[in-house]
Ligand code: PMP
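Only one chain is given next, in structure tokens, and it is the form predicted on its own.
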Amino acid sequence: MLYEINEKALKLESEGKKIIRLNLGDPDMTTPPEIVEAAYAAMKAGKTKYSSSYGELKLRQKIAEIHGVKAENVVITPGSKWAIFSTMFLTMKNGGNVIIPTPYWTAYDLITKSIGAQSKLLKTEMETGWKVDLDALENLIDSETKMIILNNPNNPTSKVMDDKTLEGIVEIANKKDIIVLSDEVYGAIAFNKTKSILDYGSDSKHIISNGFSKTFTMTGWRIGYIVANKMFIDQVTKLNQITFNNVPVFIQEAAMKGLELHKQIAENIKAKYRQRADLASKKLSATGFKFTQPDAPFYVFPKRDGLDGEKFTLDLLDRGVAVAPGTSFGDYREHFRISLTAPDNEIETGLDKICEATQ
């Protein structure tokens, strides 16, 4: 349904209908001009050739410094989606299963199926604050389990995992010798402090995927990275060598400029999206929707008892607002996801139309 809604929205737009796009996590803000200028300067300087499949050393060193690891623990990828795909492919290409708490980003399950592995979904509930039940997690693990995927903060709930739960998951994974893949792409712009998987030991088998899309509004630039032990980084690099070879150097130069401005850019994004989250919370609460308060940009995942989220989403599209049905993220028919990534005036209008649609 996630992709069906998007295609229908595009079709309606092509027919001349105005659609407020609250269905995708693509920030409406433009890439900071300093980042664009850095890429342009690098292209003019001739940085348009093949380069290392590990990524540029100075960028890897800067990322390593941020995460408290060595440059040899970092590899640059074309977006965090490739970071996730390559990690899952290398870990599970010979089969096995992966445990994914839900609600979840759809790509995790689709990637799992595409490489011939099996997803074991662990449902969490809004009523318990989307907390992972550690006993249920341990009971799902069997001899074929190779990985647990965490998305912290989470898409679609924008919830940050509490320290005690994260610690419990790491303990179980270590005891069972299972890799944790932690997708931390929203971590740097979370409203609340978010603990990283690396806080439990940077020399473990656990892996971080991250990227520049959300923090630096660089979604179309396609640059991300993996942090892992050197042996695994070498494996990813070999896969890079036989696929895309390297992220363009001028894009890596742009990412480097983004890291230089990291604090300023992240604070601006947090301030803007906190304001939007507060507006959404106020309007949705007044209309009787249930949801957990967002801990991070960009999403709200409201629920109304008895709601058919798929029908509601399609009806809402006819009113000129695109959102994503909860069934796109697991067994959540009474939910839908709002992405607060449109201009402020459109978000306010869209929220009003959402609230009116339930009257």
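Not measured: the values here are computed from a predicted model. Note that residue numbering begins at 1 and tracks the sequence as displayed.
Missing here is the form predicted together with this ligand; even so, the following discussion is about that form.
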Residue stretch of 282-290, 250-258, 81-89, 131-139 approaching this ligand in the predicted complex, non-hydrogen atom distance within 4.5 Å: 81-89
Heavy atom of Lys159 within 4.5 Å of this ligand in the predicted complex: no
In the predicted complex, Lys272 touching this ligand (heavy atom, 4.5 Å): no
In the predicted complex, Tyr186 touching this ligand (heavy atom, 4.5 Å): yes
Distance check, Phe301 to this ligand in the predicted complex, heavy atom within 4.5 Å: no
The unique member of Thr112, Thr102, Thr145, Ser213 whose heavy atoms fall within 4.5 Å of this ligand in the predicted complex: Ser213
Whether Lys62, Thr194 and Ser196 all lie within 4.5 angstroms of this ligand in the predicted complex by heavy atom: no
This ligand in the predicted complex - contacting residues of 132-160, heavy atom within 4.5 Å: Asn151, Asn155
